[in-house]
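Below you will find one chain, with nothing else, as structure tokens; this is the form predicted on its own, and questions on how it binds or moves follow later.
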Amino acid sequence: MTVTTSTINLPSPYGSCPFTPPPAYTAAAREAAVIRAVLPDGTACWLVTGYDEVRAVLADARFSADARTPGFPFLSAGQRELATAKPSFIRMDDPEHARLRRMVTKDFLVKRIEELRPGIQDIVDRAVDRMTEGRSSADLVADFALPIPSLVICLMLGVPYEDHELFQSLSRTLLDNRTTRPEAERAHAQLMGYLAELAERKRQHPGDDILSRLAAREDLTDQETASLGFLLLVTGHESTANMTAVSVLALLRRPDQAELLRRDSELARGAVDELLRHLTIIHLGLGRAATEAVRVGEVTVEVGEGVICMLSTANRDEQLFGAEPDLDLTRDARRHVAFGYGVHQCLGQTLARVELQIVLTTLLRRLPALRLVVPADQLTYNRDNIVYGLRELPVTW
């Protein structure tokens, strides 16, 4: 690809298809792998759309993930507050990032998550039972997609599930790009205060959970403990809940693909990777800031310039994934970057994969007549959120 003199305003409006990147991003990706962009506050940055270039940026330590780095790009004041107030380890660079990440890595290793499969299957089966008991329709978001990952991460962290309405509400505020700075400050302080108080209770009365183990560590401050809990709690339910709902919608819109998975549950692992690639719910990309001058594709990103890596366009690279844009559960999508790339790649990706595999195969098996209550074009989306998703998904069976 070549350098272009075009400039794109961020964020760009969506097109008619809910599963594809905004048309301006797709057009930019066809024109150049790196293009000039302008943030809502008028600040210039670079939009990285190419697969190889996205991976190069995310793997390069000269691009800082620390939101306090000069030039780091933000799409809203609320997002800036969330990222800079008291940053979690995903907003830190090594060695501090590595130090904190190591403290929770073992809880998300493949072997550990695979051991949780029976328990997650039980949670999913019970969720289907509750959703279908005495009725033939439901909102799949509120009644199924959201409760399951919330319950799973609550059990792992040691957070009382009866508090789910509180942390879900605060999470929605913090992930919404329309949230003002004062609103973000209040929501952040409330959730951090809740987790700090809970960590103190865990210190006095520990259980077999992540927060108890973190609270018992002498090499973690109270602030660091609460921050780790904050990150795991928010990301542990929001991303998977949204991915569940849009995955179900994608399968309902493609009954031929749903039937493939219904007939062959062994297809689930590859199918989930294809759904992750096809949907890429981090629609607004991942931000970084250059701490040195770095060549990316045909462009030199200077010190103090921000870049936004568009995972959605990278995941539609025709040379890697083929020119056919439609969902294909038999596609080899293992090299997608829906979870990011490099040292900051999503810690909970194995948990998310397992939850999605179980959720989708169970739902298709137990509710073979599952269908939408309203036309698909009447559904509404959380398009202003950091994590893309559906506001509701009315279904019947």
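Being a predicted model, the structure only gives us computed values, none of them experimental. Start at 1 and count along the sequence shown; that's the residue number.
Form predicted in complex with protoporphyrin IX containing FE (HEM): not shown, discussed below.
- Exactly one listed residue, out of R101, K202, R316, H188, brings a non-hydrogen atom to within 4.5 Å of protoporphyrin IX containing FE (HEM) in the model of the complex: R101.
- Residue T235 is the only one of T173, Q79, T235, S227 with a heavy atom lying within 4.5 Å of protoporphyrin IX containing FE (HEM) in the model of the complex.
- Contact annotation for the candidate site: I120, I148 and L261 all lie away from protoporphyrin IX containing FE (HEM) in the model of the complex (no heavy atom within 4.5 Å).
- With protoporphyrin IX containing FE (HEM) omitted here, the record of contacts in the model of the complex names 349 to 357 of 326 to 334, 349 to 357, 367 to 375, 34 to 42, defined by a heavy atom within 4.5 Å.
- Contact annotation for G340: at least one heavy atom lies within 4.5 Å of protoporphyrin IX containing FE (HEM) in the model of the complex.
- Contact annotation for A290: none of its heavy atoms lies within 4.5 Å of protoporphyrin IX containing FE (HEM) in the model of the complex.
- Remark: T179 does not count among the residues lining protoporphyrin IX containing FE (HEM) in the model of the complex, judged by a heavy atom distance of 4.5 Å or less.
- Put simply, F167 is far from protoporphyrin IX containing FE (HEM) in the model of the complex: not one heavy atom of it is within 4.5 Å.
- Taking protoporphyrin IX containing FE (HEM) as it sits in the model of the complex, the stretch 48 to 73 never comes within 4.5 angstroms of it through any non-hydrogen atom.
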